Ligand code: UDP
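Only one chain is given next, in structure tokens, and it is the form predicted alone.
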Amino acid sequence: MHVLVVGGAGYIGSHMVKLLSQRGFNVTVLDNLSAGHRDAVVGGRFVLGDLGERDVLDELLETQRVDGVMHFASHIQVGESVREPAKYYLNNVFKTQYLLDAMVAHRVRSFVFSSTAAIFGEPVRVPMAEDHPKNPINPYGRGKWMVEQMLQDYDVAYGLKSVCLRYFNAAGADPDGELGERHEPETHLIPLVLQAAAGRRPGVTVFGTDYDTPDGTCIRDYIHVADLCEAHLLALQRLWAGGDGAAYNLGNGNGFSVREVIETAHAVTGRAIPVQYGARRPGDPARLVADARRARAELGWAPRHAELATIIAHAWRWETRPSSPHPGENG
């Protein structure tokens, strides 16, 4: 089977490409390298291009049989989406439609979409199941929810079957140490903490210590990137087996506070992590925790790296790997 991975040079996409290649699938990667890294593509065939380029999509889908498409090519910075909504709607919504239209034209019927917990907005109950109210509060979340609704319509009208996977907090790195998180700028807590531990940042800021949580800091659900990739493969296999379209939350079902992350990172690394405290950030809920029972039941998904210490240890191995480029260095 042949899988087209759009955005396969990015953080999650590159891990997905490696997994598919290891499992014996033929893989083509399409990435414009605006945020990804060429040296992170460790399997398959690489094509430099943008999902908004219809001629590139047509050539890819005309010249080879493609059995399924995975989409990891979204912009992901919530704050930036508020400042630059046009950038986010163009790339995350309209260019996704270009991809879907090309799939319909070339009769590719299986699509796995990287969605997000940001479609839910402020939680009204925790843990959050798939039927939680959808009320996204920023352009990033709104764009992802638009695509989810678009996919329902494309299923009815064109028979394009899709699975939407709603991540909570993707984290960690390839257990083999070959791949890791390389965002520029970096905004995710675990790599920020580990960069502080490695001396590449002066410290880490904790935003808010007066939340209604056991230690006063925000609680988030961290899911290992390798476990996310396993869920993507199971989702695609569900579609190949004739399954209907669906949406699943992906998380551990356990939340860890900001202070717990810092304390665990200190224990794993044995390094001091300078901490400073700031005010709450607008729009930061106290708790975001997934109810992922549906993915476990219907996909047979079982996270293998659920412990916070394991997630941080794998990320630390990447962060301290001598031959690994530092964040922001494109390959």
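These numbers come from a predicted model, not from an experiment. A residue's number is simply how far along the shown sequence it sits, counting from 1.
Note that the form predicted in complex with ligand UDP isn't included here; everything after this is about it.
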ask   = Which listed residue (Leu100, Cys229, Leu236, Leu189) meets the criterion of a heavy atom within 4.5 Å of ligand UDP in the predicted complex?
value = Leu189
task = Taking 4.5 Å between heavy atoms as the contact cutoff, choose which of Asn254, Asn135, Thr213, Thr205 touches ligand UDP in the predicted complex.
result = Thr205
query = So, in the predicted complex, is Ser81 in contact with ligand UDP at a 4.5 angstroms heavy atom limit?
reply = no
task = Tell me, yes or no, whether Asn169 is in contact with ligand UDP in the predicted complex, where a contact means a heavy atom of each within 4.5 Å.
result = yes
inquiry  = Please tell me whether any heavy atom belonging to His266 falls inside 4.5 Å of a heavy atom of ligand UDP, as the geometry stands in the predicted complex.
reply    = no
message = With the partner left out here, check for me: in the predicted complex, does some heavy atom of Phe111 sit within 4.5 Å of ligand UDP?
response = no
query = Out of 215 to 223, 88 to 96, 67 to 75, 148 to 156, where are the residues with a heavy atom within 4.5 Å of ligand UDP in the predicted complex?
reply = 215 to 223
ask   = in the predicted complex, does each residue in the set Val258, Arg281 and Asp284 place a non-hydrogen atom within 4.5 angstroms of ligand UDP?
value = yes
